[in-house]
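The form predicted alone is given below as one chain in structure tokens.
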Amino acid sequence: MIELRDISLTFRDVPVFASLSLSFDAGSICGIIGPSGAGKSMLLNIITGSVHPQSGQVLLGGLPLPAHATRARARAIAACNGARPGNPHDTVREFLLLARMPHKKFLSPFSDYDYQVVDDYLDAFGLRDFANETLGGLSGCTLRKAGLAHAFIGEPDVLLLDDPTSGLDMSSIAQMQRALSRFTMRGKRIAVAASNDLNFIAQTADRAILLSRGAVALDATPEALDAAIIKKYFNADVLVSRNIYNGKPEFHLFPAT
């Protein structure tokens, strides 16, 4: 479990969070939503430990984040924020295999299991045909999928995705949804996705956390999101329908006039 306890943060003299407390339980896909500047990405950075709040703490498995050794934290938490990989000359397979480094024993080769996990996610994200292509030669969508697959392949306890649908086509979004469901289905892992794509969150997440003005404005299932909430916090008029397959809400902007 991940717990944020009384987090307060000011960034560039702008208050971001004030005594924010949240917990994330294993076996769930949690969506972080909110208007621009609400702190969605910052929240993920606090969980990874790359941003340090002025007060409060992050607990991983009941222990403060700094109490965990660096290698243990790398095994426990993986994040994908859309940053481009550092070496464009690596092949897709080489890049993905690097995600298994926190699990590899010192001076030992990668295991058969490491290679199997990579193969599984090459298939899950439709990357099999690109396995021997260099990262620098990939299209934007395919490179984005490689970055997402890299985060999954580490098999962390906590998977953090920042704006995960950015740059993806419809079939790739569906691949990611299936991968997220498989990732959390055994009830031992947590997935947290911060996104401006409300329809993706509504259709994918088990829980939606709406951030506004440094606090949690709503913490509920996606079914609780309605036109009034979207209008109040996103200043957008929407029509809300229900997906005929799962009953979850879908948001439709009114056409421009």
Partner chain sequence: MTPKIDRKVSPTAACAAAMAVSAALIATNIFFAHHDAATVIACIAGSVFYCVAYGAPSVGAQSGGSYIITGEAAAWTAGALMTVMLFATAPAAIFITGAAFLMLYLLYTGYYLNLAVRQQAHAGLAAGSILAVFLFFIAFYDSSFNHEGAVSLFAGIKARPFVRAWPAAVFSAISCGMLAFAIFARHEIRLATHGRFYCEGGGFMHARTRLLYLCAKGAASSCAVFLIGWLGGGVGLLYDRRAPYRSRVVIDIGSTIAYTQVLLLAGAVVPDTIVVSIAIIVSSARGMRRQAYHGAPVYD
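It should be emphasised that the depicted structure is a prediction, and the values quoted were computed from it without experimental measurement. Residue numbers count along the first chain shown, from 1.
Keep in mind that the form predicted together with its partner chain is missing from the display, and what follows is about it.
- prompt: For the chain shown here without its partner, which stretch in 98-106, 163-171, 118-126, 177-185 has non-hydrogen atoms within 4.5 angstroms of its partner chain in the model of the complex?
  reply: Looking at the other structure, the answer is 98-106.
Taking heavy atoms only, is D114 within 4.5 angstroms of its partner chain in the model of the complex? No, D114 stays farther than 4.5 Å from its partner chain in the model of the complex.
Its partner chain contact at F130 in the model of the complex, heavy atom, 4.5 Å = Output for F130 is yes: heavy atoms within 4.5 Å of its partner chain.
Heavy atoms within 4.5 Å of its partner chain in the model of the complex: does S50 have any?
S50: contacts its partner chain in the model of the complex.
Tell me, yes or no, whether A83 is in contact with its partner chain in the model of the complex, where a contact means a heavy atom of each within 4.5 Å.
-> Close contact exists here: in the model of the complex, A83 approaches its partner chain to within 4.5 Å, heavy atoms only.
Can you confirm whether R71, A79 and H150, the three residues that make up this candidate site, all sit within 4.5 Å of its partner chain in the model of the complex, judged by heavy atoms? Every residue of the candidate spot has a heavy atom within 4.5 Å of its partner chain in the model of the complex.
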